[in-house]
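Below you'll find only one chain, the form predicted alone, shown as structure tokens.
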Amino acid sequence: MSNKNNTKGDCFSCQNLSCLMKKNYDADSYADVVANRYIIDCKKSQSFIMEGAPVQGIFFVYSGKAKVTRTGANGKEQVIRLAADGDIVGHRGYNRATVYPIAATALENTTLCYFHHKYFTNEMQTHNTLTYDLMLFYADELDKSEARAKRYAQMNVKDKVIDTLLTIYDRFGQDEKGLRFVLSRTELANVAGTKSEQLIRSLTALKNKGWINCEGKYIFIVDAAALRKEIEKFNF
């Protein structure tokens, strides 16, 4: 469901200070942003970007969580990024391509701020600080992607699982139940670039060492220091 100028996700009260739109506009210019913003409420498991679909616009996560995927070998889904409050989704469509090279799906009930491609492109052409911050964002994403590829080329399955758990832990934290970004075992295996059976064996091994605890869908990090030490040689 999409609503234009919905008071939900109001830019003035938005707490997502890292959001590029929040960061680069002031009280005098928010009116134009709000006038060109659509609010989209997605239910859990609802897709809001289809891989191969024409590029229509860009999304900012107001609240909720989403996974960004692309189709790998033999049609297997590969999770390439996790997004939460304040994050950008759909920026991979802002190149010379005319279709999205990725798909995006809500992992829980999620509210998105959406801007049409024409409007956002015009803003990038006329709003220098927005364009500069977006350039820095792309550079940071590239650095992370290259570092991850370099690590994963040398890691075994257990190392990849540890790296994935620590990435989620460092970015999203955990509560009394476990990691705040809850993924199914299949989704977690996709993020780690392994198979579900191998993931489960690795989680069992880590639990037996007392480094994590698993209760149903929740994974609780018991000893982050031990996990970091296990893969410290891959911290290039």
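All values reported here derive from a predicted model rather than from experimental measurement. One rule holds for the numbers: they count along the sequence shown, beginning at 1.
Below, we refer to the form predicted together with the DNA, which is not included among the displayed structures.
*Asks:* Looking at 56, 167, 184, 174, which has any heavy atom no more than 4.5 Å from the DNA in the predicted complex?
*Replies:* Spelling it out, the residue with a heavy atom inside the cut-off is 184.
*Asks:* The DNA isn't shown here, but in the predicted complex which of 209, 201, 180, 70 has a heavy atom within 4.5 Å of it?
*Replies:* Only one option qualifies, and that one is 201.
*Asks:* Is it the case that residue 26, even though its partner is missing from this view, gets within 4.5 Å of the DNA in the predicted complex, heavy atoms only?
*Replies:* It does not: once the DNA is placed as it appears in the predicted complex, residue 26 has no heavy atom within 4.5 Å of it.
*Asks:* Examine residue 228 and determine whether its closest non-hydrogen atom to the DNA in the predicted complex is within 4.5 angstroms.
*Replies:* Residue-level check for residue 228: no, no contact with the DNA.
*Asks:* Tell me which of 61 to 69, 46 to 54, 29 to 37, 193 to 201 has residues with heavy atoms within 4.5 angstroms of the DNA in the predicted complex?
*Replies:* One stretch meets the cut-off, namely 193 to 201.
*Asks:* Does any residue in 106 to 121 get within 4.5 Å of the DNA in the predicted complex, counting heavy atoms only, and if so which ones?
*Replies:* Residues within 4.5 Å: none.
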